[in-house]
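Next up is one chain by itself, shown in structure tokens, the form predicted alone.
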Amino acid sequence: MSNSDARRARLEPLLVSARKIADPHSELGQTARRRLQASSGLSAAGVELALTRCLETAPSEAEIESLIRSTPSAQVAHVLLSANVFVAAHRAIAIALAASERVQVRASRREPDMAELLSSGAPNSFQLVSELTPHAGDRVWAYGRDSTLQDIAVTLPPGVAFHGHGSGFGVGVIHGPLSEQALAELVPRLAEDIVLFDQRGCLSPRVLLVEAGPELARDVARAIALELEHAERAVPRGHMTDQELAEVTTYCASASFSGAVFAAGLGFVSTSERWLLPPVGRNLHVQATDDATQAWSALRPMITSCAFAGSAARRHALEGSLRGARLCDFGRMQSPPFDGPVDLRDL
């Protein structure tokens, strides 16, 4: 068996496990829904939407081949998971399995369930551990806050390769005027991108840049606010901490001084001609700008994903300025191809 075939064989049990978890009629799928609602803080409908839309159960052969090609080998692959987006455990463990036949996974203490569920459906594929103990020749894939990654990086033994994936957020860009039909098709897709994981993921959109003037920006903001209000009825927002709620209150007060703020279910949509990055919890800032690349210049390294609607020429120009971030259509921000690390920034 070739090295590529061996890597592919190690991925298959994990994919089978993910399919069982996604299936609401399987025993593992039913267990997953009970456990993930408790550990993630999402509503039952929020968990279901995430499993349906974002858990990669049927990647194409081209995507799997790309993941294998982009993953360096290791004696032992170690994975430190984050708690914010539970489905991310699947891709993270898949990358580790592509790297080595020996994989150790330390789940987040706040959300250990997805790793345990994947392990239950793919016994002996990887080892769950309480602490990571890498040695020279090993690789560590870590996901979480920037401060956590910095602490890990400086304590690793010599000869251990480190792959850190830290804080980030998604943006959307609309270039040029939109027809009523185009706007009607775009808004529900953007709303779903925002609703997924209650906006806690590194791919979650938090700012929409409109390269067409303040009038369209305000119209789009109103439409998204209304759509988020409708979405709230179908997929209720989950639990928010006191600190998160306080951040939303502070943000809304600040945003109201520079523009308009529209209620959007339990979240808000603000609009102005200056950059504001809202907190998580289904909140979006819509900014009119002549040039999206200038608007985001100070925070460009934080951008992980960009949804785009507009001309092919403008899309090509944005691709050149967003090296490392995934450029996609609206409605696809939270479900990128299963072709390697979801965060392609050079960290």
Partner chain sequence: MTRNVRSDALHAAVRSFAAGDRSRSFEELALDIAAFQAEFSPGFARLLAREQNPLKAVECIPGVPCDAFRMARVAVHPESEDRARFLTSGTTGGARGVHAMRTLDTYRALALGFGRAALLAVPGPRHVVALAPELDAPASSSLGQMMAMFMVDFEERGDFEVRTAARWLMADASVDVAGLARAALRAQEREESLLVLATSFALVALLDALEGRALPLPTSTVVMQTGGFKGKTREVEASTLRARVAAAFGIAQAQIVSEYGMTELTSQLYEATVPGTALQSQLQGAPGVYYEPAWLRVLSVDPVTLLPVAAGEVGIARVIDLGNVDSAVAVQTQDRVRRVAGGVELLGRAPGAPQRGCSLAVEEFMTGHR
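It should be emphasised that the depicted structure is a prediction, and the values quoted were computed from it without experimental measurement. Positions refer to the first chain, counted from 1.
Heads up, the form predicted together with the partner chain isn't pictured, but that's what we're talking about next.
- Using a 4.5 angstroms limit between non-hydrogen atoms, Ser305 is distant from the partner chain in the predicted bound form.
- Using a 4.5 Å cutoff between non-hydrogen atoms, Ser272 counts as a contact of the partner chain in the predicted bound form.
- Taking non-hydrogen atoms only, Glu185 never approaches the partner chain to within 4.5 angstroms in the predicted bound form.
- By the criterion of a heavy atom within 4.5 Å, Gly168 is counted among the residues contacting the partner chain in the predicted bound form.
- Here the chain stands alone, but in the predicted bound form its contact with the partner chain, taken as any heavy atom within 4.5 Å, falls in 256-264 among 224-232, 256-264, 70-78, 97-105.
- For the options Ser120, Gln127, Thr241, Thr133, the residue carrying a heavy atom within 4.5 angstroms of the partner chain in the predicted bound form is Thr241.
- Though the partner chain is absent from this view, in the predicted bound form it lies within 4.5 Å of a heavy atom of just one residue from Val280, Leu55, Leu28, Leu318, which is Val280.
- Contacts to the partner chain in the predicted bound form (heavy atom within 4.5 Å) from stretch 31-49: Ser39, Ser40, Gly41.
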